Structures are given as C-alpha cells and as structure tokens.
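In structure tokens, one chain follows: the form predicted alone.
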C-alpha cells in the first residue's frame, strides 16, 4: 500500500515538472537566460580551476593596461611564464578575464545569500502577519511601510556605513532592503487562502497552526515567492556592484564587478576595454534573471498561462 502511494506521488510530481517545463520552455528568452545563468554559475563554482586567486589579485605593473589579446610576462610561483591577456589587463597589470571569473563567484554568492536571508526573515514575518492578524499584523506592516519609504540604495549605504565595510555587512544591508517585499507578498498570499475550505477543514480536525501553515498554506504561496526571488537575485547583484563602485562593498584587490568598474573609470579615455567586461557581465546577469523571472511567472501563474 505504501509503495503504491509513493509511486502515485512520484508520478504526480513528474507530471507537474513536465507540465511546468513545457510551459516555461515556450518562452525562448527565458530558456536562453537560464542557460546563461547556468554558465555563470559553473564559472563561479570552478573559478579556482580556471584562474588562481593569487594570480588575479597580484600586481604586475609591467603588464599594466594591455589591450585584449596582448601577451605579457608574469611571475607565478617563482616562475616566469608568458601569458595571453584575452580581455586585456587593468592598471595594476592584473588579468581582466581572471578577475571577471572570480568576480562571478562573489556576485553569485551575494545574489543567492541575500535572497535566502530575505526570504527567511520576510517570509516568517509575513506568515505571522497574514495568519495571526490583529496586533501582530499592525505592528509588522507599519514597520514595513516605514522601511519601504526609504530608498533602497540609501538604506544599504546607511547600513554599511553604520556597521562597517565587510562582506557580511554587505549581505545584511542588501537583504534588509528586500525583506519588506517578501513580507507583503507572503502576507497577501496567506490572507487570500487562509479562509479556504481545505484550511478550515484542517482546522476543524484539530491540526495545529504550525501544521496548517507548513502543510496547507506555504505550498500554495510558493509561486509568487519564487518569481520574486528570481528577480531579486539580479537586483541584489546590481546593488552589490553599485555599493562596491561607491567603495562601500567589496574592496580591491578582491575581484568584484562593481569595484572593477570603479577602478576602470579613471582610464575610460585611454583603456575603455576595462569597462566593457564587468559592465557587460552585470548587464547580462541582471537581464537574464529578469527574463527568467518573467518565464517563471508565466509558467507558475495559471491566470497568465497561454
């Protein structure tokens, strides 16, 4: 009996996944963006195998401002080797492609970590506000309104300035700016379904509030959260790059796309290639996540299915 139940469950999940992919794959831009994000993720995972971290953070002034495709002599592990700078070198003679690869790892970690933190805190507060209501709802939503009245980038700058310039503080600053959005999404979704018949039936048979929320409510509000999360990953990468560009995020010599742009702006007339690589990486990554979010919205929202 148990095996039959498990088999039906697996068959149902397989059918749901197949239907989801069929709907999602209709959006060709979303599929292409998904593969682009996967490529960036693989680059981030295997960054150390592609370029040594010491190599992309060590100065080599004799190779400064080389154009794309030029070669130079570098010293690595006390050995003199000839290296081709595929995308050129920066003002310190560091390989731009290597820094771009390691910068992808930093950006991906920031994007996913900040969204995970925002979902954990915002989802919990939104669930409490939506399910309990009353005083909890009033207090949480008034604080949320206050936070939303502050521009995102201004709040992030204030938090980093107050806590200090570090990687963890950067995560806190960006995730704090995202929390109100998840509070509102989860609260609105729970309010719309908490009085449905199946929830009332679970309550009548004695199910606890925790079981009702985890078993019957949360599975039905995942679609808007997933879509919002995908969009916010791109936004998080953009905000992190903006803060690093202003000197409040990841600081050199650690590679990050924002601080690469910040260092390159002084040489825009003499070496414009310094700007193209990190700028294009930020553009493509943020655009890809937004297109994936649009595809997920169409695939997960039955009202938008065509």
Partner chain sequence: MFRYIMRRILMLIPVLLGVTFIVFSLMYITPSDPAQMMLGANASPAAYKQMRADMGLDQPFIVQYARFLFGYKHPVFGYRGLLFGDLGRSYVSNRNVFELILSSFPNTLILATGALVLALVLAIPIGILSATKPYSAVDMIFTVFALLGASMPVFWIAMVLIYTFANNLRLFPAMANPHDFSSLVLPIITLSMYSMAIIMRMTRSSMLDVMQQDYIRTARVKGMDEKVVIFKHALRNALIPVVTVAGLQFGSLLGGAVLTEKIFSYPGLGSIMVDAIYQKDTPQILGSVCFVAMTFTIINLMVDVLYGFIDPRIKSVFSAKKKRR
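Being a predicted model, the structure only gives us computed values, none of them experimental. Numbering follows the first chain given and starts at 1.
Just so it is clear, the following notes concern the form predicted together with its partner chain, a form of the same protein that is not shown.
Participant: Would its partner chain in the predicted bound form be within 4.5 angstroms of a non-hydrogen atom of every residue among 41, 107 and 116?
Facilitator: Negative, none of the three is within 4.5 Å.
Participant: Is residue 245 near its partner chain? Define near as a heavy atom within 4.5 Å, in the predicted bound form.
Facilitator: Residue 245 belongs to the contact set for its partner chain.
Participant: Given that its partner chain is not shown alongside this chain, does residue 283 nevertheless sit within 4.5 Å of it in the predicted bound form, heavy atom to heavy atom?
Facilitator: Residue 283 belongs to the contact set for its partner chain.
Participant: So in the predicted bound form, does residue 279 come within 4.5 Å of its partner chain, heavy atom to heavy atom?
Facilitator: It does: once its partner chain is placed as it appears in the predicted bound form, residue 279 has a heavy atom within 4.5 Å of it.
Participant: Taking the shortest heavy atom distance, is residue 34 within 4.5 Å of its partner chain in the predicted bound form?
Facilitator: Outside the cut-off, so no.
Participant: Considering 207, 188, 214, 163, which brings a non-hydrogen atom within 4.5 Å of its partner chain in the predicted bound form?
Facilitator: None of the other options qualify; the answer is 163.
Participant: Considering its partner chain in the predicted bound form, which of 45, 268, 50, 61 comes within 4.5 Å of it through any heavy atom?
Facilitator: Going through each option in turn, the one that passes is 268.
Participant: Spot the stretch among 79-87, 147-155, 220-228, 130-138 with residues whose non-hydrogen atoms come within 4.5 Å of its partner chain in the predicted bound form.
Facilitator: Among the listed stretches, the partner-contacting one is 147-155.
Participant: Would you give me the residues of 257-274 that have any heavy atom within 4.5 Å of its partner chain in the predicted bound form, in order from first to last?
Facilitator: Going through 257-274 in order - heavy atoms within 4.5 Å of its partner chain in the predicted bound form - the hits are 258, 261, 264, 265, 268, 269, 272.
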